[in-house]
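Coming up is one lone chain in structure tokens, specifically the form predicted on its own.
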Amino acid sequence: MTSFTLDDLRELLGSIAGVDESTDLSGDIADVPLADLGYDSLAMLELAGHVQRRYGVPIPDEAVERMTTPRSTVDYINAQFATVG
């Protein structure tokens, strides 16, 4: 995989436990704060674990603070792809 897309993120966000299943991830959510979508820091740590297991891209716990919107999350993960190769 050479890039991570908003659709990839939507799939992972939909699989995180503890988040309201009625959360609507369709539409233009790129700049909506993840907190407003129902994803707190624990949910984002779970997302980081999913990304690491699925794609082999490490995401340190500190990085979660920078992943505040879907766009910033996709950008961060793509930047990590570039460093992993």
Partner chain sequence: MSASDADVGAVVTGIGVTAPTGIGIHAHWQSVLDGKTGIGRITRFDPESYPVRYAGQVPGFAARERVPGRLIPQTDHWTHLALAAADDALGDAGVDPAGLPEYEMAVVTSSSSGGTEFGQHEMERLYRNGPSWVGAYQSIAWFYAATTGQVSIRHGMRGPCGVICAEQAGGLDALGQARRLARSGYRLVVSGGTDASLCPYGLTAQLATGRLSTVDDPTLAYLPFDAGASGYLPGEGGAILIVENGRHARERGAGEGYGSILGYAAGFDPPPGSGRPPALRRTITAALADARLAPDDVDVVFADAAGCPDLDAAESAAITAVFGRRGVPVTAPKTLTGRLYGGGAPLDVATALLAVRDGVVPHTVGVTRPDPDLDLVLGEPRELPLRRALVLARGHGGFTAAMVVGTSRRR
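Since the model is a prediction, treat every value here as computed from it, not as a measurement. Residue numbers count along the first chain shown, from 1.
There is another form of the same protein, the form predicted together with the partner chain; it is not shown, and what comes next is about it.
In the model of the complex, none of the heavy atoms of Val32 sits within 4.5 Å of a heavy atom of the partner chain. Proximity of Glu62 to the partner chain in the model of the complex falls outside the 4.5 Å heavy atom cutoff. Under a 4.5 angstroms non-hydrogen atom cutoff, the partner chain in the model of the complex has Ile16 among its neighbouring residues. When the partner chain is considered in the model of the complex, Val57 lies well away from it, no heavy atom lying within 4.5 Å. Residues Leu42, Ala43, Leu45, Glu46, Arg53 are the members of 42-64 with a non-hydrogen atom no more than 4.5 angstroms from the partner chain in the model of the complex.
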